[in-house]
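First, one chain by itself in structure tokens, the form predicted alone.
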Amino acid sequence: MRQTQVAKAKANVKADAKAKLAAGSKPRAKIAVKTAKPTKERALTLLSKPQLVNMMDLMVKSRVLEERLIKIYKAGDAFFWIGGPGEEAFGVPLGLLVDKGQGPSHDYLHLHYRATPTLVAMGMSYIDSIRLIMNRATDPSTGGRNFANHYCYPQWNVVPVGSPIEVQYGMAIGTGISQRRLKMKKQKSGVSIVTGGDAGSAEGDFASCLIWSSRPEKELPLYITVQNNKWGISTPYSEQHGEKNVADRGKAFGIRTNVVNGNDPIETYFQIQGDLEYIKKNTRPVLTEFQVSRLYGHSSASGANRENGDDPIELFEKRLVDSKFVKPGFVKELWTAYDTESRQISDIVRAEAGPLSDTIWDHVYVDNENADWRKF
């Protein structure tokens, strides 16, 4: 009986609905739900799309080169590898912002052996770097007589990279003095830029750099940077540094200091830009610490295998894709193209000759004067 009543009730509801439609009543329209458009990250709007894409391109180009150098070493075509995969978000912006040229009117670069991203951004070719690690006579930096990533480009004011830890901080004082002299004469002068690791900041050269750059009335146009990856070869930062940040050490000398996320190329770009402008305007030093990642160990001595850590390329790619600046797969395409290029260049360089014994004294002193001790 109850089922008959329910059936009748449903029939009545349907009849009422048909009657309303017949009388001109319309059913309620569905509400259209608009899908929100992807919003662009505000930080990405501070640079143009071509600038962002170029930065991404250079970061990938640098990483692929470093990975090719590791493969060259593991294949037995090189004696040693040392480099800086994981520092692309710092190195590329620095290379893009450098006043490139020769002489004290332009910026000097006192780099260490993790500077491949900076050199790539400045225009270094793959073949130059590969000739260096393979120790070929055609290597423009050392004539085939130094380790991987020990670059030297006099035409760009890239001072020879040395293997002794942090000596570049002491050397930067000299070019800084020459640039200050130009500035005091109201002539165009550049900035002496020095890079190094957090472990090396324990060296005396680093302390000397802080002292000499901050003497009252004699301050130097030095851009003192530290790329803190929290490791010194195999020693963790936490066991060696009493200060919270390496940059804190500059405060005692009255030096302007900063701590920056070195895995963010946008933040890094504007920090470097602002620091360089401040130094040029005030002829005073700046100490900035960039917190970066170490993704393949310190060198081939530790195996040069991929390690855990934030990858600045992956982080930046996600931001660009999410904001629709590039399509998914853009980085993969770049990677494939650069990997092919680096492999082809490796094959070319492998066939080139190494340095001859009669060139061992070349470039040791200016014009080879008194270079050969056997002729003293």
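When you see a residue number, it is the position in the sequence shown, counting from 1. The structure displayed is predicted, hence computed values, not measured ones.
Below: the form predicted together with a small molecule, not depicted.
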Open item on the list: Within 4.5 Å, heavy atoms only, one stretch in 266 to 274, 179 to 187, 244 to 252, 110 to 118 touches the small molecule in the model of the complex. Which?
Closed with: 110 to 118
Task: Pro160: touches the small molecule in the model of the complex, heavy atom cutoff 4.5 angstroms - done: no
- [ ] Give a yes or no for Ile72: in the model of the complex, does one of its heavy atoms lie within 4.5 Å of a heavy atom belonging to the small molecule?
- [x] no
Open item on the list: Test of understanding: in the model of the complex, would Ile233 fall inside 4.5 Å of the small molecule by heavy atoms?
Closed with: yes
Open item on the list: Quick check on His298: any heavy atom within 4.5 Å of the small molecule in the model of the complex?
Closed with: yes
Open item on the list: Please determine whether each residue of Asp77, Asn135 and Asp139 possesses a non-hydrogen atom within 4.5 angstroms of the small molecule in the model of the complex.
Closed with: no
- [ ] Consider the chain as shown here, without its partner, and state which of Ile130, Ala199, Leu220, Val98 has a heavy atom within 4.5 Å of the small molecule in the model of the complex.
- [x] Ala199
Task: Heavy atom within 4.5 Å of the small molecule in the model of the complex - the one residue of Thr175, Asn149, Asn229, Thr225 that qualifies - done: Asn229
